[in-house]
Every structure is written in structure tokens, then in C-alpha cells.
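Quick setup: one chain, the form predicted on its own, written in C-alpha cells, and binding and motion questions come after.
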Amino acid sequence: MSKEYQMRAAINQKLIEMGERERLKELLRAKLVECGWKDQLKAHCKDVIREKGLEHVTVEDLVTEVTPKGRALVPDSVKKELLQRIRAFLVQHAAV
């Protein structure tokens, strides 16, 4: 196991133990709805289904097609806010 992997696992475990991961997920959901991301992605899903035809699209196909656009559509401000919250959490709980 690499040092980076171990560090990520330790941070993730600490986020889970302290309940911060759930709080971050809720914040992310709220921010994505607020900025219209959810609606944009929903519209993109409908376009893909219309384009390929409902009978020819599996959930896996849809996920594969939509994921890159979904990630690209997340506003930088949302990414920065989450990163700041994670950093603040790590500073506060530095004994990871």
C-alpha cells in the first residue's frame, strides 16, 4: 500500500467517524441543487435517452455517458468550498 493511499484511507475514516463526511455530502447536494447542476444533468440524461432510444440505453450506459459531463459541470466555487471545509476539518483534527 502506498503512503498516499494510507493517508487517504485514514482521512476518509476520520471523516466517517466524526460524521463530517455525511455533512459534506449534504452540503454538496444542497449546493448542486442551488446552482442548477441537478437540473442540467437531468436534462442531459433525457437528451442521451432521446438520442439513443429508451430501449437501447442501460443504466450503465447512461452513467458512463453522463459522469464526465456531471463532473465538469460542478462549479469551481462548490469544489473550493468543499476543499476548504475538508482542510479546516483536517487542521482541527490533525491527529490523523
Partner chain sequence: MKMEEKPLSGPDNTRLEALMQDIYSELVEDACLGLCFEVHRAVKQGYFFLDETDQDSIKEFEIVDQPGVDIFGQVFNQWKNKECECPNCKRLIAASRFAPHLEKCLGMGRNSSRIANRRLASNNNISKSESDQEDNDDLNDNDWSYGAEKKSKKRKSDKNQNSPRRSKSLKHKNGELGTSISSDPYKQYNYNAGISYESLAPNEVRSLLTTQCGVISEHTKKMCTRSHRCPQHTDDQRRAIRLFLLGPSVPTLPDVDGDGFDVPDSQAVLSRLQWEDSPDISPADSASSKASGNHSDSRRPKKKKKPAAVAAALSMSGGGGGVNLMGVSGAVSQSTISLSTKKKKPKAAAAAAPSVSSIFNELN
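Please read these numbers as outputs of a predicted model, since none were measured by experiment. Residue numbers count along the first chain shown, from 1.
If you look for the form predicted together with its partner chain, you will not find it shown, but the lines that follow are about it.
By the criterion of a heavy atom within 4.5 Å, residue 18 is excluded from the residues contacting its partner chain in the model of the complex.
Contact between residue 38 and its partner chain in the model of the complex is found at the 4.5 Å heavy atom cutoff. Contact annotation for 36 to 50: residues with any non-hydrogen atom within 4.5 angstroms of its partner chain in the model of the complex are 37, 38, 41, 42, 45, 46, 49, 50, listed in sequence order.
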